[in-house]
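One chain comes next, on its own, written as structure tokens: the form predicted on its own.
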């Protein structure tokens, strides 16, 4: 394994009833004014809002509401939230929702106390945070991004048509409350796309050096098998607590940095999907589902040993009588079959991309990641997009 330093600053409270049990006491540690941030208002329909507000009122908190955070949070929304936090002298940001809400809140926590342009200084390029962001707590309602236990935030600059993610440990939430029952009301399509995002995060880490036996890959294989099993179970029964609780923790494990230790990591599919999202606002998990099999058909020969392991150890494919290439390719095709099985799209057209979409402009705007088995070119990315169409 490669050298690494590990730190995770988020204290996690997991399980049924954890919000009722812990939020009141937790919120009191940070002052009297809480900015309650959320998305389109589903938390008001499913009872989560009422439960959270009851806890905050019990703590004697002044609550400032900040709603309307969209599926692909924008820099404009970040600045709007930062302005509200400053004007109301907010002591704690409490993000209630999925990855988009959590990501937006991390960026707000920086922008609220930073005098400069956080896009220019921290998202357009990596920066060094030498100040303390506003304290942040999160309540997870959707399993998918794993944003609850890292400092990562993916933000879209609509003006520049750039969607970029950065991970700053100082942006880790101080606490994360994870009640699997909060995910029961998530629509099936959103649950499935979030579940595939979990699988994507693990694959993007797994399909990279080192290839020798290592702890991170061993954990990743177990997590991938779990996501496949638990997604199937949650589709059969959306209120299967075992499946939903497993998916929620698999999401966190995929992105709390543990499986990334000692790994180079790929994440080229995420770079491609980010730019697709910046231009088309497509669903993130669905976009990844379209891209992954085609991308892996391009690179599997460059990482043949790992793709063989994937076929055997994740999908249970027998290697008997098969060449290395045939076995590796069969694993990729099994992934493609699973994507169809769970109802995700397999083409860009199914995502709403049509002949008016400038695929070349999107391909040319993609960042070229260096950690994968083969470094892409903009020309090859365009070829992948066209094969996905």
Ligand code: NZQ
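Positions refer to the first chain, counted from 1. These numbers come from a predicted model, not from an experiment.
Note that the form predicted in complex with 5,6-dihydroxy-NADP (NZQ) isn't included here; everything after this is about it.
Contact between residue 100 and 5,6-dihydroxy-NADP (NZQ) in the predicted bound form is found at the 4.5 Å heavy atom cutoff.
Among residues of the shown chain, residue 284 is one whose heavy atoms approach 5,6-dihydroxy-NADP (NZQ) to within 4.5 Å in the predicted bound form. Under a 4.5 angstroms non-hydrogen atom cutoff, 5,6-dihydroxy-NADP (NZQ) in the predicted bound form lacks residue 276 among its neighbouring residues. When contacts are judged by a 4.5 Å heavy atom cut-off, residue 109 does not count as touching 5,6-dihydroxy-NADP (NZQ) in the predicted bound form. Residues within 4.5 angstroms of 5,6-dihydroxy-NADP (NZQ) in the predicted bound form, judged by any non-hydrogen atom, belong to 41-49 and to none of the other stretches in 336-344, 317-325, 41-49, 358-366. Distance criterion of 4.5 Å from any heavy atom to 5,6-dihydroxy-NADP (NZQ) in the predicted bound form singles out 201 from the list 263, 201, 77, 292.
Out of the listed residues 233, 71, 222, 82, 71 is the one that sits within 4.5 Å of 5,6-dihydroxy-NADP (NZQ) in the predicted bound form by at least one heavy atom. The three marked residues, 141, 147 and 186, each reach 5,6-dihydroxy-NADP (NZQ) in the predicted bound form, with a heavy atom inside 4.5 Å. Residues of 145-166 placing a heavy atom within 4.5 Å of 5,6-dihydroxy-NADP (NZQ) in the predicted bound form, in sequence order: 145, 147, 150, 152, 153, 154, 163.
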